[in-house]
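Next up is one chain by itself, shown in structure tokens, the form predicted alone.
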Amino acid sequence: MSSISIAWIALPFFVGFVIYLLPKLDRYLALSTAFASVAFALWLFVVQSPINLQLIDHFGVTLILDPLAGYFILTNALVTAAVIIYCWHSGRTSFFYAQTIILHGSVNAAFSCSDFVSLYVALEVISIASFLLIAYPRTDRSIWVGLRYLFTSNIAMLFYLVGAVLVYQAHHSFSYVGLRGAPPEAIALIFLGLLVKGGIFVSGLWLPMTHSESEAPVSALLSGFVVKAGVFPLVRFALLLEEIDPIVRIFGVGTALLGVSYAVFEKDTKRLLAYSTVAQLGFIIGAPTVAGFYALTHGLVKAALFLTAGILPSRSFKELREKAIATPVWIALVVASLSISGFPLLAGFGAKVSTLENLMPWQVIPMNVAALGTAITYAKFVFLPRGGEAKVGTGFWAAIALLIGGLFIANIAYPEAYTIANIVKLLLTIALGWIAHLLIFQQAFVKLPRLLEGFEHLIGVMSLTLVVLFWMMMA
């Protein structure tokens, strides 16, 4: 098992190098690697027992592969495969596919880590690969957005690295369990780095511009699984140390409410999806015990929505309400929107139910408000006019079939969610969301301030978040 696991971790980086040598096979090699990760993730579900790998004994560089990691790895694999299929006939160069598969491999590594050093290396490689994909069009705008992301990410990881060193100083180990009894400032610094990388709460407000201004397939990668590389360690911390769990849940609630507050008023499709990503990340860490399944369903939905948004005739909802979109495209939008809203027969229903059932009492009201906000947000897609025409390639439909098919298949993973009470509750939430959209939010012209998204404010927000985190750790 250990040999297979190490070979799987190394495979994407080897394939990324081979793609440069054999550029004519770029798409085939990249797609095969993604499906290899699908097989490995499914194998983790079959094995069940965790696989622990100790690579460097003295420094505690360790990896752990278990069903929790399996959910995140499967998300990464399916979204990567869908993006490669989507881009199959797009004319993108071998450089794009090489960076995509290197990004895939580095995210897999982040999902496998259980120590701070290897996680730091994985997150830094993720930053570089993401920057190169964001800047792939080589326009002034894409390069600026990529550099903004890279600079913010690197500053956050400097905070993280200082915290990791303080943990080692206290315990002579970089293992995650070293957080127990670590100095409060060490935990605060590590949390800050991961909150920024994961797009959590105000420290993650770099996310809306980055995800909305990137090309559709890159947006799908970023929202589908890249930000989860910062979220996953927080989930691990919460499950390992019960004293960390309430802090993670607090940020989950705050993030969910912040994201939907912006999303319900947003008039731009890609910015709406980006803000919704912020909100859904809050749901993932709001109930760490069931985070894996929610991460899977969110990754499939968000990748499908970003890929579909990329072929719409406009990014403006005002213009889309005046231009009928092709019925098959509208159906894809509706199915994905229903899933993320928690509609039965789709995986989002089970994910929403399991999350709401695993909340602490103080979380119930705000997280149900966030669920209602999600229904309001995605009603904007559901009520778009249909019946127009669109020339869409086979690559798009194959990618959408993979993602939405995954939502139907994953639905069988949580059959106990299907009780009358759960079905009625979520259907009522969706109905109320749609009514609120039609009567209130569709006509609303509220524009929330974007001051904290400004590049000049991102570092300042990090500093304020660090102060809050230090206070929470001391408390």
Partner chain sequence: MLEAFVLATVLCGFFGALLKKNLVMKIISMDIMSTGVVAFYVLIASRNGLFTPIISDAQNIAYADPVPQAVILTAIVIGFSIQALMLVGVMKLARDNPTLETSEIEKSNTL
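Residue numbers count along the first chain shown, from 1. All of these numbers come straight from a predicted model, not from anything done at the bench.
There is also a form predicted in complex with the partner chain; it is not shown, and the following applies to it.
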property: Contact segment among 246-254, 300-308, 260-268, 142-150, judged by heavy atoms lying within 4.5 Å of the partner chain in the predicted bound form; result: 142-150
property: Sole residue of Ile128, Leu384, Ala390, Leu239 within 4.5 Å of the partner chain in the predicted bound form, by heavy atom; result: Ile128
property: Residue (of Thr289, Asn154, Ser316, Thr394) lying close to the partner chain in the predicted bound form, criterion heavy atoms within 4.5 Å; result: Asn154
property: Partner contact for Leu359 in the predicted bound form: the partner chain, 4.5 angstroms, heavy atom; result: no
property: Exercise: Ile459 in contact with the partner chain in the predicted bound form, heavy atom 4.5 Å; result: yes
property: Residue contact check: Phe17 to the partner chain in the predicted bound form, 4.5 Å heavy atom; result: no
property: Interface membership of Ile331, the partner chain in the predicted bound form, 4.5 Å heavy atom rule; result: no
property: Contact check for Ile85, Arg92 and Ser94 against the partner chain in the predicted bound form, heavy atom at 4.5 Å; result: no
property: Residues in 155-192 with any heavy atom within 4.5 Å of the partner chain in the predicted bound form; result: Ile155, Leu158, Phe159, Leu161, Val162, Ala164, Val165, Leu166, Tyr168, Gln169, His172, Phe174
